[in-house]
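First, one chain by itself in structure tokens, the form predicted alone.
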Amino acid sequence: MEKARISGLQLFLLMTGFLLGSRLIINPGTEAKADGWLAILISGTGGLLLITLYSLIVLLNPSRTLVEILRDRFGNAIGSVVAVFYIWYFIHLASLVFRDFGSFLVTTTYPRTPMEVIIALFALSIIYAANSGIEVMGRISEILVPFIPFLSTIIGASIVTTHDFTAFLPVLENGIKPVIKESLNLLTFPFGEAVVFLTIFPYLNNKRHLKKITTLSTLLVTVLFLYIFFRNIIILESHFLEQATFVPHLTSVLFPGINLEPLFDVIMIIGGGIKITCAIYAAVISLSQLTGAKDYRIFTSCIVAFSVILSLWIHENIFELFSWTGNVWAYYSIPFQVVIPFILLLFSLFKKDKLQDEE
């Protein structure tokens, strides 16, 4: 671990920026159509339980990161193997966000610029941020993340002139199945992805406030998702939500007389940048602990380069990426986000009870 600490506010903003991340360009609740708000509420509740689970794991294993907890609870051999899979998961997550970011900017803002150039330039800033350490990442979040809700609110002002406040009615018009499917998608993307923070929570300077911080961050993100959903459906109505690729971006260009598109680009860069940086940081910290390296920075450039290549190679186009994310990502993520953390919590509770009995 770095010899560094972050404050409760820095962790709160870092986690909020991470959870918003690339969800800022993809309308939350789209698959559930007009009932997306129900899916957001259900996933927000499940996300709160999941992130509380991650917090309890860290509180039961103080000052230990994910790799150390895995080795301690599963044994050195099995724990190391599971840690390798987690490193892959963090890298894969970073590559998907890289592709989201590149596809969005090429489609909306820089159609004549090769996606490879956009992602590569963005990757350079990610390398710098990750190598600067967790304290710098925390300070960056303090400066940048507050702009996300502020700018989102400004963009939402377009409902003053273009609106249909009944667009989300009637409730459950298409049944409960689409709501359940979208709830699972939202639970695993983005709430469950906060498993990345098992490598970051140990840096909190006062862990007594960890559960409070994570709860407030999850609630804020859920409220922002609800706001974004209602803003989008009120402006565009449900049939347009299904047709548009980047729904939140579309609402930003409908403000009468003013081009708010640059504001949305800023939101995307902040959220996507923080999410990728956290995922890369988790990967390189875990890899350095797994290999016994003294400085995690020797891995950063290689891991980022691999993530960039993976982001360009793994999917042919944005529609294939969205299809894979919507239909496969949730099931692919469950072992990393739910099954293994739940086993870790049980093992941690069992060891704690065993130690108390011995005393």
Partner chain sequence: MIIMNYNMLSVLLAFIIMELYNLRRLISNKESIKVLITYVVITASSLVIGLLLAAGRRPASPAEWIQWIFKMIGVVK
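This one's a predicted model, so the numbers in the text were calculated from it and none came from an experiment. Numbering follows the first chain given and starts at 1.
Keep in mind the form predicted together with the partner chain is missing from the figure; the text below concerns it.
Enquirer: Would you point out which of 203-211, 116-124, 225-233, 188-196 contains residues with a non-hydrogen atom within 4.5 Å of the partner chain in the model of the complex?
Expert: Heavy atoms within 4.5 Å of the partner chain in the model of the complex occur in 116-124.
Enquirer: Is V308 part of the interface with the partner chain in the model of the complex - any heavy atom within 4.5 Å?
Expert: Although the partner chain is absent here, V308 would touch it in the model of the complex, with heavy atoms inside 4.5 Å.
Enquirer: Does the partner chain come within 4.5 Å of any heavy atom of K33 in the model of the complex?
Expert: Answer no; every heavy atom of K33 is more than 4.5 Å from the partner chain in the model of the complex.
Enquirer: N327 versus the partner chain, in the model of the complex: is there a non-hydrogen atom within 4.5 Å?
Expert: Looking in the model of the complex, residue contacts with the partner chain include N327, since a heavy atom lies within 4.5 Å.
Enquirer: Is the gap between I303 and the partner chain in the model of the complex 4.5 Å or less for some heavy atom pair?
Expert: Close contact exists here: in the model of the complex, I303 approaches the partner chain to within 4.5 Å, heavy atoms only.
Enquirer: Among L290, L38, L60, L53, which has any heavy atom within 4.5 Å of the partner chain in the model of the complex?
Expert: Looking at the other structure, the residue within range turns out to be L290.
Enquirer: Of 306-323, which residues get within 4.5 Å of the partner chain in the model of the complex if you count heavy atoms?
Expert: The stretch 306-323, when checked against the partner chain in the model of the complex, contributes F306, V308, I309, L310, L312, W313, I314, H315, E316, E320 at the 4.5 Å heavy-atom cut-off.
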